[in-house]
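Only one chain is included here, represented as structure tokens and corresponding to the form predicted on its own.
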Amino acid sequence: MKEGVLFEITRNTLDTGLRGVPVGYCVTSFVDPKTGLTYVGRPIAELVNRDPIELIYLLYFGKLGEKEQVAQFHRDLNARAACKEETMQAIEALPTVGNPMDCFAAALLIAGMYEGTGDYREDCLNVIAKLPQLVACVINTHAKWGKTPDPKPELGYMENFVHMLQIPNKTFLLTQAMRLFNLLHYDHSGGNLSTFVGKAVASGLEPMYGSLAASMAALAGARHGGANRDGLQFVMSVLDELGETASAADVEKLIRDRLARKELVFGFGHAVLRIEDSRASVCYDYCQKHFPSNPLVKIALLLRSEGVKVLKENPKISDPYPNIDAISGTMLQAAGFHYPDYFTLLFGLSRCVGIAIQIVYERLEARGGKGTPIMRPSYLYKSRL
């Protein structure tokens, strides 16, 4: 490769989903193969005990704020938190069939009609503030759980979301698990599918809400946002097959048998990482501390140890370690959120924060304030005959 060239395009790099091809800068987060996810240069494991507003401040401003700065930022978001009545009524009138992520994408488009200002920075702050109400309303409507209560943003970012979510048996641990899940999913560098799609759509000067709607359509797919639901279903299937008294040897045999039949072992591997996903490590620690006797958690922990052991034996596997989807669904289930159809919505509630902030950078700050040009990659003609 020539000096100064970041990436060399060859025939082998075509039709590979732009995997690893640099296209710009990400100012909010980075995923290092050996250290994992960082928010503005800070490892995620060092940030998970902070308040969500502190992390949103960090991503938005590029630095941790002083106490009063964060408090003022929180007051500003609180003042923006409530959607207009017209927005809520339109979302409540959405169809309740099909994928709930379709409802979320539609809800964002509706919010853009009633709440949008056309200013990327203002709409970024507005949508971040309104996301808890928007997502709670989508879930309540789609699940037919009843009318969404008025927001109480003074409770806290995720405390407000849980307050509006019309599910029974809300506990402190449920709110805490929701908050942890939220913190871990705000951002994941600039090239994951949902983030890239949102920025690509915004490059055509589509407003913020429409760009985020496109992002959520991208997130809805099984290869992206649906993976946490698949991870839970895999853990549940192992528990059903082996029972609550399963041993490490039992789980090891099951993994070997699945691989021999060329069946998938969900929750392992990552496109970038070559270590255990640091977000997964945080969730494993949380589950071990709060839900050690939960049968699903026990199975997930056995899969963690035995899966790595078996997968490491294959030299062709570059990353035999668990990713966040191996445990996040199990954590939510153990905490009392028994509705995996809405796991991807919780993912979207979080990820829209980082995507919106990245859109602000690309539209208003990149290239000395000119913003990035419209996305227009080149495709080579190839005959199929």
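One rule holds for the numbers: they count along the sequence shown, beginning at 1. Everything numeric here is computed off the predicted structure, so don't read it as measured data.
In what follows, reference is made to the form predicted in complex with ligand MLT, a form of this protein that is not presented.
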**OP:** Flag this candidate site as yes only if 229, 298 and 333 all have a heavy atom within 4.5 Å of ligand MLT in the predicted bound form; otherwise mark no.
**Re:** no
Subject >> Option from 59-67, 347-355, 22-30, 43-51 whose residues, in the predicted bound form, bring a heavy atom within 4.5 Å of ligand MLT >> reply: 347-355
**OP:** Consider the chain as shown here, without its partner, and state which of 74, 188, 130, 142 has a heavy atom within 4.5 Å of ligand MLT in the predicted bound form.
**Re:** 188
Original post:
Considering ligand MLT in the predicted bound form, which of 121, 224, 290, 170 comes within 4.5 Å of it through any heavy atom?
Top reply: 224
Subject >> 4.5 Å heavy atom contact, residue 160 and ligand MLT in the predicted bound form >> reply: no
Original post:
Closest heavy atom of residue 199 to ligand MLT in the predicted bound form, within 4.5 Å or not?
Top reply: no
**OP:** May I ask you to check whether residue 192 falls inside a 4.5 Å heavy atom distance of ligand MLT in the predicted bound form?
**Re:** yes
Original post:
Is residue 304 close to ligand MLT in the predicted bound form, meaning a heavy atom pair under 4.5 Å apart or at it?
Top reply: no
**OP:** Enumerate the residues of 256-281 that have a non-hydrogen atom within 4.5 Å of ligand MLT in the predicted bound form, in sequence order, or give none.
**Re:** 270, 279
